[in-house]
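Let's start with one chain on its own, the form predicted alone, as structure tokens.
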């Protein structure tokens, strides 16, 4: 039986409306993402404060300065620490909450879903200002509560102490974007046929067995996407750090994105703006993340092949 294979042009013509619908997003992607990245590549070779045309050619010296800068590596360490804690904790909490909120017998489930999703639609800048007031000298609310509960005895500058500042940002980061993963997991859970759980129940499977042998395998493909989105979102941490601590105290909460921002627009103290150096830091950070992504893909494919071979 001869099967006529359609040419690539023919398949594209068949799906022409799909391409037409994707064109506006593609145009925005090219204008606001691809073009700025390509344009900034040239700036990495100049020392430039962002005013006028760049004329002070320095070659690859900007990359060398970034690699030799201990503050950059400290910021990279803080970024990975943030990702390493926020992603697994947030996914664990989101999955647990999704399992609870997916129960049909739960009353006011829509209300609870709204409550947990509210922080996502709230501006990070607004949240940062409110949290700063709660922890700062002006409000001192948290210190008063802890003193009343006899947890602490003296005043603690939570956001001004390097021992606590990063931890507070991590906790707020987990709370702020938890709703995204909660909604994703809820959507994934609602695609699992109820018949599977009923059949498992008839076979004597308990809740844990149903979770292990039905929920986890059925959520695997959705879960990989959720993990990737959570990783991408966490690596973009910026606004909460900028509003709460501005990378301080003493660079204790400096992440790569605030580091790049401070290079481009001038940081605290006598740091002059240098768009070329900031562009070099951005590209170097991008290369590191691409390398990490390649390793991640290789590991996932290796695990998939091993699983398929069993």
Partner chain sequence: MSSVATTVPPLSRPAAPAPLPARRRRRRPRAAMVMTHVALVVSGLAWMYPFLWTLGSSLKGTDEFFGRGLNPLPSQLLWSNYQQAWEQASFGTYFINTLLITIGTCVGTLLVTAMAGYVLARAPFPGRGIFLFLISATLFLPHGYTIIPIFDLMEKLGLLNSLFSIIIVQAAGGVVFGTFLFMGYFQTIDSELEDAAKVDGASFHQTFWRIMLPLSGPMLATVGLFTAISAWNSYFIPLVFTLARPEQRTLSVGMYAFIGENSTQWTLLCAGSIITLVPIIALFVMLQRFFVNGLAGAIKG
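Residue numbers count along the first chain shown, from 1. Note that the coordinates shown come from a computational prediction; the quantities given were computed from them, not determined experimentally. Heads up, when I say rigid core I mean the largest set of C-alphas that superpose within 1.5 Å between the two forms.
FYI, the form predicted together with the partner chain isn't displayed, but the following is about it.
Contact annotation: of the candidates 156, 146, 200, 101, the single residue with a non-hydrogen atom within 4.5 angstroms of the partner chain in the model of the complex is 101.
Residue 118 is the only one of 84, 118, 224, 216 with a heavy atom lying within 4.5 Å of the partner chain in the model of the complex. Heavy atoms of residue 151 never reach within 4.5 Å of the partner chain in the model of the complex, leaving it off the interface. A residue is said to contact a partner when one of its heavy atoms sits within 4.5 Å of a partner heavy atom; residue 210 fails this definition for the partner chain in the model of the complex, lying far away. The partner chain is not shown here, but in the model of the complex it comes within 4.5 Å of a heavy atom of residue 107.
Although the partner is absent here, residue 72 is not a contact residue: none of its heavy atoms lies within 4.5 angstroms of the partner chain in the model of the complex.
Residues of 116 to 133 placing a heavy atom within 4.5 Å of the partner chain in the model of the complex, in sequence order: 116, 117, 118, 119, 120, 121, 122, 123, 125, 126, 128, 129, 130, 133. Taking 2 Å as the criterion, residue 27 counts as shifted between this form and the one not shown: its C-alpha moves by at least this amount when the rigid core is aligned. After superposition on the rigid core, displacement of the C-alpha of residue 16 between this form and the one not shown amounts to 2 Å or more. Once the cores line up, the CA of residue 71 ends up less than 2 angstroms apart between this form and the one not shown.
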